[in-house]
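Included below are structure tokens for two forms of one protein chain, each presented in isolation as structure 1 and structure 2.
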Structure 1
Amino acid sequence: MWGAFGITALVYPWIVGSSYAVHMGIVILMYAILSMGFDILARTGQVSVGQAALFGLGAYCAVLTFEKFGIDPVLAIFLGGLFAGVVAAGFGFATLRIRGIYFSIATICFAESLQVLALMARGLTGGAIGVSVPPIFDGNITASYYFILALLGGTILVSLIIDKSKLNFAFTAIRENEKVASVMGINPTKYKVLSFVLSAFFTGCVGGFYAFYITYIIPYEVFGIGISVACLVMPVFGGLYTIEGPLLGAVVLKTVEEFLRTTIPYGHMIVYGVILVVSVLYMPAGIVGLVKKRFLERE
């Protein structure tokens, strides 16, 4: 499966041939990374509804390091990811001791607070007017596609390492029962902060890439609730706690969303929402869970 996906992804720009299709491929890859980043955190049982905070931090860090210090955009993107990871570590130590809905509320408050701060810091962020930057790779859309594809490859590699190592055991134990995990010698705070930092790094990198790809960012967009909701919905739709699920969720949902947007000009988000509700009701384990269930029934 991974071989077929890799070959298809590599030849995709040459098969489709149009800039619009390559652009859609870039958007899908971006959301696939965001979904996998959310899934890495969710494996410890923490549900973040404020992933936009990390996305926005990465975007503004990348743009500002480029503007103030003239750093190369590619390096600035990774600095954006590192900055998001450092902030997530601090935020994690302060909040990951709280659980469930309280942690979710803390993350969404964090994202909203950063949006207000970005709007008020006009001298640094441009406020509501935003900041513009030159396009990455001089606007070469194919180069942008392969860059974000490589970043997705790195995200998949990290997710595979987690899945095949003792980290998976620690994350699963914490998710199932934190007290029992502590008795077994697992430090819940340490592993939850680690998963949060990894999740933040990839989310921040995508934020930095987005800034240079779109060439313009405003607080309402990069810290917007829409990004956080997408990060939450796509892995749930595809199948949480799996490597394939977040990837499938991003591919299917972004494709459906774009199809509805072009065929139903008015009210397409209502149809999109209905599809999501029905999918969650009838596929609680996502696409991956449904496929596994059908496979087991045949056996």
Structure 2
Amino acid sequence: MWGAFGITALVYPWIVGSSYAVHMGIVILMYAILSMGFDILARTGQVSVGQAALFGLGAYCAVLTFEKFGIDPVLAIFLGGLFAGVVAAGFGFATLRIRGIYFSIATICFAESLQVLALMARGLTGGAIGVSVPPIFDGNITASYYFILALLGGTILVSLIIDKSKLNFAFTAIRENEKVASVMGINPTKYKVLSFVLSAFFTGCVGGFYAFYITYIIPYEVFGIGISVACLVMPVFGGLYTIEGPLLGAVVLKTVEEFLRTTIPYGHMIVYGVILVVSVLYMPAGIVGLVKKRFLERE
């Protein structure tokens, strides 16, 4: 199944032909990375309601390093990711010691305060007007597609490594029972911060890529609640703590959203809310969980 998925993803731009379809592919891949980024953090039992903070940090860092120092966009994107990771490390050490709920509240505040900061620091960020940059790869969207596909490959690889290494045990132990985990010699804060930094790096890279792909960023967009919501609903819907789940969630939901955007211009995000509530109440293991259950019952 993985092979089929990989080959489809590789030849996709050649099959579809239309640039709109390639653009949709890029958007879906971006959200697939974001949703895997959320999942890496979720494995330690932490819910970030403010992934937009990391996304926006990556976006602004990438754009500003390009604008002020003339750094190559591709390098700037990775700098954006690194910057988000470093900030996440500091933020994580400060807030991940306390109970999970407070971390969730802190993340949503983090995104909101960065939005205010970006709006007010006009000299640097251009305020509400935002910043414009020339398109990445001179607007060649096939190149953009392969770039973001490679980034997704990297994310999947990291996620796989976590899954197969002893990190998986540490993360799961912290998620299931933090006290027991720390008695067993696992330092919960250390692992939580590690997962948050990894999550931040990929989220920040996507933010940087988004900035150069869309060619302009404004605080309301990149630090907006819409991005945080998408980051959270997609993996929950697809199935948390798996590799397929977040991918599947991003593909399905982004396609649905694109369809809805044209039919309901305002408030189409309501679907995200409904899906979130239904997922939590009736399918806590997501689509992947449902499918697995079906298979096991048949056997």
Partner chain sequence: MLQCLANGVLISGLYAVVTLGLTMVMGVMGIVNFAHGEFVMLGAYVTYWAFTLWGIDPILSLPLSAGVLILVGISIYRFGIKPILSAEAFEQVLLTFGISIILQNAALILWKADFRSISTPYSDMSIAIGPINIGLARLLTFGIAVMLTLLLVVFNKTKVGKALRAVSQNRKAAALMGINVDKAYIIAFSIAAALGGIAGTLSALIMYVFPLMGGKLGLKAFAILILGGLGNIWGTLIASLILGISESIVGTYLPQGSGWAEGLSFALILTVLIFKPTGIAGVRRE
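Not measured: the values here are computed from a predicted model. The term rigid core refers to the maximal set of C-alpha atoms that superpose within 1.5 Å between the two forms. Start at 1 and count along the sequence of structure 1; that gives the residue numbers used here.
Exercise. The form predicted in complex with the partner chain: 1 or 2?
Worked result: Pick structure 2; the other is not the form predicted in complex with the partner chain.
Exercise. Superposing on the rigid core, do we see a C-alpha displacement of 2 Å or more at Trp14 between structures 1 and 2?
Worked result: No.
Problem set entry | Rigid core fit then Gly273 CA moved by 2 Å or more between structures 1 and 2 | Yes, shifts by 2 Å or more.
Exercise. With both forms fit on the core, is the shift of the CA atom of Met283 between structures 1 and 2 2 Å or larger?
Worked result: Yes, because once the rigid core is superposed, the C-alpha of Met283 moves 2 Å or more between structures 1 and 2.
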